[in-house]
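Just the one chain here, the form predicted on its own, laid out as structure tokens.
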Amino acid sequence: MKKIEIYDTTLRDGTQGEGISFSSLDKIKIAQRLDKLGVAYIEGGWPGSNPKDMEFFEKIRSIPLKKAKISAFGSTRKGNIKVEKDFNIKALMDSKALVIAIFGKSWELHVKDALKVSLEENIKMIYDSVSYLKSKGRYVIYDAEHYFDGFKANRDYALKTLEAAKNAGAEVLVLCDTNGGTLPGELAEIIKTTKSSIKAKYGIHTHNDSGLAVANSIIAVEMGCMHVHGTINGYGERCGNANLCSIMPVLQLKLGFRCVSDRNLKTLTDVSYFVNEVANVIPPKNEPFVGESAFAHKGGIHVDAVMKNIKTYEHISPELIGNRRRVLISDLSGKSNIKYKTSEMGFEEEFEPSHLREIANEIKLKEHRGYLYEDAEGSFELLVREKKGEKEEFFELDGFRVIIEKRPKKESYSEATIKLKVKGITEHTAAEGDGPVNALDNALRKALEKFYPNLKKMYLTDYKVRVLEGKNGTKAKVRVLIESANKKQTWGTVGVSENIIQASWEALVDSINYHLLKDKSTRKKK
């Protein structure tokens, strides 16, 4: 089994993506998590470009890493100055990183129009920079920037730039599709010609501007590049870099290469979510391999087939990369969806086919009215229990009133009063809030917490409103989705109405009922 060197550049190239920013502490946390994953190299940043990156290199030196080597990134010396006088080269040395990734120009267009130096001077810049870093005991990875564009424009010159880096002592020659415009077929041909012309250890660095970064990286490995650059979740400038969360499982599970241990690969989904969380990015549900929807089944025919043999609609087992199989409930659901979900929820007795059909028909009817159960599994379980005759009444509403008052030049004011019965006892309370829904939530909790103290352990984590029939204007029906959590789990609930307060009330009541239903202390007292 051939070993692939994974070179992670999330902390450098990834931060060039729009909306991505890490503090030096964030970068330390991510580096430690990447080390646990088992990547070979972690590119920490560009020393000298900003104080934050330099702070990272200072701090990471005191943190022991088990596997990964920290790499510093920078450019070749500037034109027509001595390498030891170059500020960028000095900053690379000051980082004290033992691995240096240095990039140089492969495309004559960049040499002439961006660097404004001669083609011969560019060759010297590459050679001088690499040889100087090697003389200082550094392990040098040479990034041939714009290599594929440069090769297509002037093959001989692009090859000369690589030869200069190799002759200067670079351990790895990384071929970069910097603009992300190279197609898989031409990429393979260029790598083939390059390898036959210059014998060296090769790497690949691709961007996703044509949606081909992962595919091109895979092809490069099949062509013999054993060193692969990428970022977690595909972060990067413009359309992003090659996504390691797709590259690693493809190489390891489908092509038989070794990127990390099998055990570590099972943490890949967690790593993906961790980096998204630190970056404050909402992860796309349909992300291959690690996305929440990557192994989610919705159509009844699909679910029926998966229950018989998971290979029918899953290309790998989700557990191999730390993900999980999900069956969604919707108006497309059949008996198989309901059977799978009720079993997953722990119902000991199987439902009769007629009961499964009845629940499926109820779901279809309610979704036709605007309900959505894909993200409201709490409401779904309550519906199932009601159909099964296991509905539990934790309180009985007598009524509520919500007041919103707005005066000129003052913030709006919201107050809710509620009257309900719990275990035969009438409770009448009022509460203020930041808006009518928050006031209603506060009043409901205030009335119930003396009877159910563990309700204090439950909290709302998300609140979404979707207008379903916009053409009806302010009379439009709305769907409210609420996400709630306690220390053990997270669940969603849904409410639908032309009145946003009523829709919110339905979702709020379901969220509380679900929590109380699952709370063991509540169940013991009943």
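One-based numbering along the sequence shown. Just so you know, these numbers come straight off a predicted model, no measurement behind them. We call the rigid core the largest set of C-alpha positions that still match within 1.5 Å between the two forms.
Form predicted in complex with a further copy of the same chain: not shown, discussed below.
None of Pro353, Gly224, Gly79, Gly181 but one reaches within 4.5 angstroms of a further copy of the same chain in the predicted bound form through a heavy atom, and that residue is Gly181. Proximity to a further copy of the same chain in the predicted bound form, taken as a non-hydrogen atom within 4.5 angstroms, holds for one residue of Phe395, Tyr132, Tyr340, Phe289, which is Phe289. Contact between Trp107 and a further copy of the same chain in the predicted bound form is found at the 4.5 Å heavy atom cutoff. In the predicted bound form, a further copy of the same chain sits beyond 4.5 Å of every heavy atom of Glu55. Shown alone here, Thr474 lies within 4.5 Å of a further copy of the same chain in the predicted bound form, counting heavy atoms only. Mapping the unseen interface onto this chain, Thr15 counts among the residues with a heavy atom inside 4.5 Å of a further copy of the same chain in the predicted bound form.
Per the 4.5 Å heavy atom criterion, a further copy of the same chain in the predicted bound form is contacted by stretch 244-252, the sole one of 119-127, 385-393, 244-252, 264-272. Contacts to a further copy of the same chain in the predicted bound form (heavy atom within 4.5 Å) from stretch 306-322: Lys308, Asn309, Lys311, Thr312, Tyr313, Glu314, His315.
With the core held fixed, the Cα of Thr417 is displaced between this form and the one not shown by 2 Å or more. After superposing the rigid core, the Cα of Gln502 is displaced by 2 Å or more between this form and the one not shown. Taking 2 Å as the criterion, Asn361 counts as shifted between this form and the one not shown: its C-alpha moves by at least this amount when the rigid core is aligned.
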